[in-house]
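A lone chain, given as C-alpha cells: the form predicted on its own.
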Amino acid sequence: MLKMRKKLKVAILGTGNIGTDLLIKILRSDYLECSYFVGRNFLSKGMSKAINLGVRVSDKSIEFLKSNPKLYDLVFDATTASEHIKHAIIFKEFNKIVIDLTPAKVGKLCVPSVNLSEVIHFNNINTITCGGQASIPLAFVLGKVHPNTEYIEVISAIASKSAGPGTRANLDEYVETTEAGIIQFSKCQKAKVMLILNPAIPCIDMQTTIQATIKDPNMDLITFEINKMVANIQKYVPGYHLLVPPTYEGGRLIITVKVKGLGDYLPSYAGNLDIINCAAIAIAEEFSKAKLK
C-alpha cells in the first residue's frame, strides 16, 4: 500500500486572477495543500471558484490569517505591493513563511532557475515580477559569461486583458523591482525596464526582449548557456520558449522569449501571470521538500 505524501499547509491571500490561478496549481501539487483561500468578498469570481472546488474560504482578509496562524505554514501574498509591506510585518511576527507575488521587494528576491536553493533559509521570498521572471535568468547568463556587461534593457509586452487592477496599481513598483533584480543577478552596470500593455484582439502572448550592450560577445558560449537556461526554466514554466535566439547586431545582443500560460484558470495568453505563479509554486514546493522530508 502506497504511503500518502505529507503536504505543506498553505494559504492564499488575495482572490483575484493571480490568487485564483495559483489555487488551481496548488490543488494538483504533490507537495502543497491549500488550507484557506482568503479575500474580502464572497461574491468575487475567485471566491466563488474556490467554494465550488470545495476549498475553505474567508472574507476577513489579513485579519483571518492573524487570528488563525495554526492553520497554515506558508502564505502566498497575491495582493499589492503597498499591502504586502504591511502584511510582511504580521507574518514576521508569527514566524510564517511568505511568498510575495507583488513587486514590494521586501524579502529575498528569487528566480527559481537561478537561486532556488538559496532562498529556503529566508522567511520572506519575493518573486520579483513577471518581466523579471522572464528576463532575469537570461540576464544572469549574460553576466556570467561577460562580467563586464555594461547595460541591459528589457521590454515586455503583454495583453491588456491580462493586466488586472492589481497589476496596473503596481506599475511603478514593477519597473523599479525588475530593474533592481536585473542589476543584482547580472551584475550589469545599468538596467532599464519597460512594460507595454497591448490591446490587440486576438490577445497576444507575453513576449520579452532583452537587449544588452556587450563588447565582443562570445556568441557560441552565450547561445549554449542560454539554451541550457531555457531548458531549466521549462521544467517549471512549460510555456516558456525562445523566440529569437541570441543575435548580435549594431553593437547590441538581442534575445526574445515568449511565455504561453497553462490555461489553468486564466486564458493561455496570460503568460505574464502564469510565469510568476509557476515560480511561486516551485519555491513553495522546495520549502515543502525541505520541511517535510
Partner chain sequence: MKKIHIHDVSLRDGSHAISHQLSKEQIISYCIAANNAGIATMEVGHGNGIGASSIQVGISKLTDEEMLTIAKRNLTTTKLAIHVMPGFATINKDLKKAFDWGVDLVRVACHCTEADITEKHISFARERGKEAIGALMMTHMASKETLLEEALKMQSYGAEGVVLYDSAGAYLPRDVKDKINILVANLNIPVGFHAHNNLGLAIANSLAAVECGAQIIDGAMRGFGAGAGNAQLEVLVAVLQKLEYETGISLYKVMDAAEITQEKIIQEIPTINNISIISGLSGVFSGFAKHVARIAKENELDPRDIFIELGKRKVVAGQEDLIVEVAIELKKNISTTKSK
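Numbering follows the first chain given and starts at 1. Quantities reported herein were computed from a predicted structural model and do not represent experimental measurements.
Omitted from view is the form predicted in complex with its partner chain, to which the following refers.
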Task: is_contact(N148, its partner chain) in the model of the complex, heavy atom dist at most 4.5 Å - done: no
Open item on the list: Please tell me whether any heavy atom belonging to T209 falls inside 4.5 Å of a heavy atom of its partner chain, as the geometry stands in the model of the complex.
Closed with: yes
TODO: Report yes if any heavy atom of I97 sits within 4.5 Å of a heavy atom of its partner chain in the model of the complex; otherwise report no.
DONE: no
Open item on the list: Given that its partner chain is not shown alongside this chain, does D172 nevertheless sit within 4.5 Å of it in the model of the complex, heavy atom to heavy atom?
Closed with: yes
Task: Contact residue in the model of the complex, from I90, L221, L71, M194 (heavy atom within 4.5 Å of its partner chain) - done: M194
Open item on the list: Considering non-hydrogen atoms and a 4.5 Å limit, which listed residue (K228, R252, K66, K45) is close to its partner chain in the model of the complex?
Closed with: R252
Task: in the model of the complex, segment of 186-194, 97-105, 135-143, 114-122 with a heavy atom within 4.5 Å of its partner chain - done: 186-194
Open item on the list: For the three residues E153, A157 and E179, which mark the spot I'm curious about, does each lie within 4.5 Å of its partner chain in the model of the complex through at least one heavy atom?
Closed with: yes
